[in-house]
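Taking the form predicted on its own, here's one chain by itself in structure tokens.
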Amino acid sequence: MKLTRREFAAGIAAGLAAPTVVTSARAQSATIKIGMCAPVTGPAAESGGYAIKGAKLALEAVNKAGGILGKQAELIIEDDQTTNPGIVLAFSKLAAQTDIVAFLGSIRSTQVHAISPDVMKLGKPVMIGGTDPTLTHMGNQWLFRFRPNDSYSGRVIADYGVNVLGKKKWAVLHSTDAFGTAGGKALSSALEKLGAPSVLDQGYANQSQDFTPVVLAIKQSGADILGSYFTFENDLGIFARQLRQLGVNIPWVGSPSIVNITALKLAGPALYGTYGVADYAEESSEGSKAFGKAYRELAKVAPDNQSSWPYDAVTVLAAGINKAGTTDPVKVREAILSIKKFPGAEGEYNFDQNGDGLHGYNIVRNEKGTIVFDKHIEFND
């Protein structure tokens, strides 16, 4: 089910005001249910709100266009509390509801790893936003990724910094969780292939309140450019301000969190002039522009990948179920994997047999708080 731009506009007219859960027995039996784990509480609560709005936006469009298998779809949300134990509990609550046909998982790789064993046992499709490359290469056939993985982002960061910005003395900074570790390794590997091995590989613990030792290590390394993988935007905001306060003003190319709305609000001018690899860039395609316009009208805030990937996940899932003609998990899985050239907010989806739908990134720049699209880089390998 491909939505035209006109259908898209009509579909979101009802907006985000629809209730999250329909409780009447009649409504439950008449709808197709999709479960969603989202950080309603915890340090990622703000970005979790954006994710929920993106999913609801898609749901309204799908329902206006005829629904799923002729029925209206509804979203059942459980709070993952921004923790691994929290998402395991949230997913178990959703999985216990046997009439839920598929799920939206997390944008955080470490949380996806946490629920992966339960996903395998359940055997139903789970849409994810985590970018650790191993997530779709560990034998779990039920995970479908709606963002490019970090084997691509590392290559794009390295290529842009070395070949466009002309910098070869890199400081690589990353969180020590699954996402950060995988991203840091991908970037370091890409830099080595370009003949610019990092002069500093620095990890940090999530939810750090003082990055002074990290900033001093970068300053003392002699690096002339910084590449980063931050899991949480609040960490990035603290680090960015301390980086500038201690006089480090080298070019900085970051993973997608560097251009997320929460990070921009927290860091302000400290992020001016930085670059980012972004799976969602509003000016990168007609689908991205249409989503951006609709999301701004309803959410009253600029969109980012926190909202764009759940939007695409719901839209593609609905298309997959409609194509399968059934909610049977095996047939839905086959239908999703067969999807090619599907235009979404994040880009064109061409699923491979591992469950990865996107294979490239956008380069963007922070122009005094406005994220400006530079170019899209697509990989064929």
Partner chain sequence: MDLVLQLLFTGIGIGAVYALVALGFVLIFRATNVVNFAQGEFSMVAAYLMVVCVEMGLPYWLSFVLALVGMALLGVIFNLGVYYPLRHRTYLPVIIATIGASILLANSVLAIYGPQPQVLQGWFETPGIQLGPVYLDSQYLLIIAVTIALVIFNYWFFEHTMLGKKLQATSQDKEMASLLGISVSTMIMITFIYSAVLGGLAGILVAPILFVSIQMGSTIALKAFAATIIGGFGDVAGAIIGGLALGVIETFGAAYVSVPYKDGFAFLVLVAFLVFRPQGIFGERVAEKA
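Residue numbers count along the first chain shown, from 1. Note that the structure is predicted; figures quoted are calculated from it, not measured.
Not on display, but discussed next: the form predicted together with the partner chain.
Visitor: Looking at the partner chain in the model of the complex, is some heavy atom of each of T136, E348 and Q353 within 4.5 Å of it?
Guide: No, the whole trio is out of contact, none within 4.5 Å by any heavy atom.
Visitor: Between the options S198, T262, N149, S284, which residue brings a heavy atom to within 4.5 Å of the partner chain in the model of the complex?
Guide: Checking each option against the partner chain in the model of the complex, the one that comes within 4.5 Å is T262.
Visitor: Could you work out which of Y275, W142, Y204, Y160 is the residue within 4.5 angstroms of the partner chain in the model of the complex, going by heavy atoms?
Guide: None of the others qualify; the residue that does is Y204.
Visitor: Among 149-157, 126-134, 222-230, 262-270, mark the stretch whose residues have heavy atoms within 4.5 Å of the partner chain in the model of the complex.
Guide: Going by heavy atoms within 4.5 Å, the stretch is 262-270.
Visitor: Would you check, heavy atoms only and a 4.5 Å threshold, whether E46 touches the partner chain in the model of the complex?
Guide: Yes, E46 sits close enough to the partner chain in the model of the complex that at least one of its heavy atoms falls within 4.5 Å.
Visitor: Might T31 be said to contact the partner chain in the model of the complex, defining contact as any heavy atom within 4.5 Å?
Guide: Because no heavy atom of T31 falls inside 4.5 Å of the partner chain in the model of the complex, the answer is no.
Visitor: So in the model of the complex, is the partner chain close enough to Q209 to count as touching (4.5 Å, heavy atoms)?
Guide: Looking in the model of the complex, residue contacts with the partner chain include Q209, since a heavy atom lies within 4.5 Å.
Visitor: Any of the heavy atoms of N234 lying within 4.5 Å of the partner chain in the model of the complex?
Guide: N234 belongs to the contact set for the partner chain.
Visitor: Could you pull out the residues of 156-192 that have any heavy atom within 4.5 Å of the partner chain in the model of the complex?
Guide: Heavy-atom contacts within 4.5 Å come from T176 alone.
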